[in-house]
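So this one's two forms of a single chain, laid out as structure tokens and tagged structure 1 and structure 2.
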Structure 1
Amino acid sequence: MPEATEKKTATIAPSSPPPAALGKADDGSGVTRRSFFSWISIGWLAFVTATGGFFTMMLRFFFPNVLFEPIQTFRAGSPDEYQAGEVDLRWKGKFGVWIVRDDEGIYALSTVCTHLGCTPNWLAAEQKFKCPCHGSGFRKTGINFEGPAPRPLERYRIVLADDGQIIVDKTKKYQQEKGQWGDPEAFLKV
């Protein structure tokens, strides 16, 4: 009889209720090697899970639920204030946006270089944006043509408010390489 019980205990799955194995230890025959190992694996499993959970907690700690960030939408005056063919620098300092007007309309270019996030300078004489950090160059449209930048500058959502003022919304971006510049809100027809 002890023989049979022992076999049974020894083969229990790790999820079996602990008392069976505990009871086994009491009847004098001691913990068998197999049951010992199943206990060890439960223990290790619990330890690893707990440690993993702890590190997940610590990792999640670095991502707060609320961010206190500057406002992302602004009014940029009426379209008449912008000259066709010009790159307007007035919002560069405060909001990080160039407003460019060409013959067809107005678009809002992000001033963040797509390479590593420096702010390029508009060189009017050469009609290009040139990044001082690693030398990326962009045409007036935002298309990259020299240096390491992997893709064109991003454009922001640009629409007209009811009062005829331009609203630039930086929370919505349009990327040329994804074919989003054709989107009606990526471009303000005038």
Structure 2
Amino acid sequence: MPEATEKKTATIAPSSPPPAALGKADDGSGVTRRSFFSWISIGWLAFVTATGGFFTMMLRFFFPNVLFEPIQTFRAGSPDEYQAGEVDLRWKGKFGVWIVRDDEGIYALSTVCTHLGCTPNWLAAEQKFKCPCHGSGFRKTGINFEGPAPRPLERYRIVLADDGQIIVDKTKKYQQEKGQWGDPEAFLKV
């Protein structure tokens, strides 16, 4: 009869690494294949995120900001509504304009101080415009006489419409130091 079968056992050669060490580098750095590919995927994720952010910013240029400005030309009623020697304040808040009537006629003054852009107040008792920011003072005509304001207030174009109403156009400004206050549209003769 045949001999009894021998039991075969597998032996591990001493030169091969133990099964627990499979997948590790031989140099002892501890970098596994799994950790190597996770670092590569993190790098790609960072690249894709940066590229996406860049293209998002570039796309933003196709949608500009829109600034809605108030109307620059408006009707201010008839000349009879304005009393001689008075400063009308009703257009100050909405349009930034004072309408003044004196012996010269009717003119529209800007409510912006020529020093740093604050809004002066009309002081009826003292008959002057006084800037609360730095103390500039302006006469009823808009001429500066005290404080740091370097020049008079600006006037806006003022004309009479066909229906007899006053039209103030803030797109056209007149400056006294340039001699523009004598322009026929810088004041309205009544």
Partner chain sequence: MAEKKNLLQRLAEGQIWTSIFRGGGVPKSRRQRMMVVLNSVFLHLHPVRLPKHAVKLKFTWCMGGLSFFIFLILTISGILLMFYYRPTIEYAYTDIIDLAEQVPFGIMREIHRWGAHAMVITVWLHMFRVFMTGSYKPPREFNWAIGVVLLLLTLLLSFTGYLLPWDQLAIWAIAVGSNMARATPFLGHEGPGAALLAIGDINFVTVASDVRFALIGGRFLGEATLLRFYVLHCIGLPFVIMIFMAVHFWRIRKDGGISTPV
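Because the structure is predicted, anything quoted here is derived from the model rather than measured. Please note that residue numbering is based on structure 1, beginning with 1 at the start of its sequence. The term rigid core refers to the maximal set of C-alpha atoms that superpose within 1.5 Å between the two forms.
By the stated condition, namely the form predicted in complex with the partner chain, the first structure is the one that fits. A movement of the C-alpha atom of L160 falling short of 2 angstroms is seen between structures 1 and 2 when the two forms are aligned on their rigid core. Taking 2 Å as the criterion, R60 counts as shifted between structures 1 and 2: its C-alpha moves by at least this amount when the rigid core is aligned. Rotation of the smaller rigid part against the larger between structures 1 and 2, from C-alpha superpositions: 178 degrees.
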